[in-house]
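Read the single chain below, which is given as structure tokens and is the form predicted on its own.
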């Protein structure tokens, strides 16, 4: 069901003003043995625990992240400092996310984007130095890597060259979090499936911005986290569908007031796949063909076409350039959610988030197929 962003604990005004990633309080040091044992057994059973146990924070890390530790606790910061994150597709929203998690102090960040810099890619990317663009010969990932290293010398930032879809499932085993953007429908499904095949739980996210709209998808598989309830730490379990499972839910089964952005994004995503287009490489000239596809999909899904307005489709098709303020909002929320997933503290987003700057609203949609209908 949809939940208004304003009603969530992730409301921007209530977040840490620096990173917008305020988390729940750290667990009490004197937690009872049986609760700890229960958590250990649950993690073993579901295969949920991120591989970040062991080393404590160094003296240098403790001094550098002192203010953050006061907010979300030493254990959460330790998990952040031992985490390894892969990011592919360095558009404006993802760049904002990278800045946030580097400042937060993750262990390592690996960038993947072999594209050369273009004027369009520069519209919302503040990491690319203008004086290095001409004849630099460097890829977008390499240019962003150089800048991110200056944000926090404690974080190992590196570049992985190659086409994302060509990486084997084993390649993803070394990461705790995978964030992809500017990918086709089939690539999203393929990378998500590879992450799910890993011997450990890998948190998977897709993020896309078109015009002044943004979408985040989250797959934490079977996920245990803690939250405060009546001044006590309570463990919760969430079961996430994969991206393929989520987008295959029949539209007639969705809540009546489901976000129009969800439906519009699926139509354009399908159009790009069928036409073999590079994601985001659309224009108003494609509107008639997209409307034709919308009609076909709505008839097949028994949905009124008015649920996907022409005006919204046109905005999404024309909006090839990202709006920096929207990138900042979506990138901040994505950073917050990744930190929640790594630390295991705070209610995580499940499983789609949509933001439209036209009305300033953010909406969470929990889209899944009930087991009774599977």
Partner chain sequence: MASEQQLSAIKGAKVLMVGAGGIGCELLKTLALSGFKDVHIIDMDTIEVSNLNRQFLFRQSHVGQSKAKVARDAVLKFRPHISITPYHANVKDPEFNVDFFKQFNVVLNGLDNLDARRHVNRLCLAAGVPLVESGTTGFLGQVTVHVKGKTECYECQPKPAPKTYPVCTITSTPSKFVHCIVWAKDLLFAKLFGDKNQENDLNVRASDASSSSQQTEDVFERKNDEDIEQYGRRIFDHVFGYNIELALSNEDTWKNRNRPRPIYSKDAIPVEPVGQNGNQAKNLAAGNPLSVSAMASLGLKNPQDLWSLKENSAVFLEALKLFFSKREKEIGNLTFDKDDQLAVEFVTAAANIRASSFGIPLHSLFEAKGIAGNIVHAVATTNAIIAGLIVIEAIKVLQNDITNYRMTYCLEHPSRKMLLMPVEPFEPNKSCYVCSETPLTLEINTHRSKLKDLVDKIVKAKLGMNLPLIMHGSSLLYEVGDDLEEDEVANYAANLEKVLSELPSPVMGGTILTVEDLQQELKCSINVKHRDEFDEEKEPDGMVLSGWTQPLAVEKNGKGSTDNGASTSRVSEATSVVTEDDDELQIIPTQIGKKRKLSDISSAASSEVSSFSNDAKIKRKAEEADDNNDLVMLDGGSSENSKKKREQ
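Residue numbers count along the first chain shown, from 1. Keep in mind that what you see is a predicted model, and the values were worked out from it rather than measured. Under this definition, the rigid core comprises the largest set of C-alpha atoms superposing within 1.5 Å between the forms.
One more form of this protein, predicted in complex with the partner chain, exists but is not displayed; see below.
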Name the single residue among 247, 183, 233, 122 that comes within 4.5 Å of the partner chain in the model of the complex, judging by heavy atoms.
122
Would the partner chain be touched by all three of 257, 357 and 361 in the model of the complex, meaning a heavy atom each within 4.5 Å?
yes
The stretch from 197-205, 249-257, 82-90, 165-173 that lies within 4.5 Å of the partner chain in the model of the complex, judged by heavy atoms, is 249-257
With the partner left out of view, is residue 187 within 4.5 angstroms of the partner chain in the model of the complex by any non-hydrogen atom?
no
Would you classify residue 272 as touching the partner chain in the model of the complex, given a 4.5 Å non-hydrogen atom cut-off?
no
Heavy atom of residue 310 within 4.5 Å of the partner chain in the model of the complex
no
For residue 238, is any heavy atom within 4.5 Å of the partner chain in the model of the complex, or not?
no
For the heavy atom contacts within 4.5 Å of the partner chain in the model of the complex, list the residues of 97-129 involved, in sequence order.
99, 100, 103, 122, 123, 124, 125, 126, 128, 129
Superposed on the rigid core, does the Cα of residue 307 end up 2 angstroms or more away between the shown form and the other one?
no
When the two forms are laid on each other by their rigid core, does residue 61 show a Cα shift of 2 Å or more between the shown form and the other one?
yes
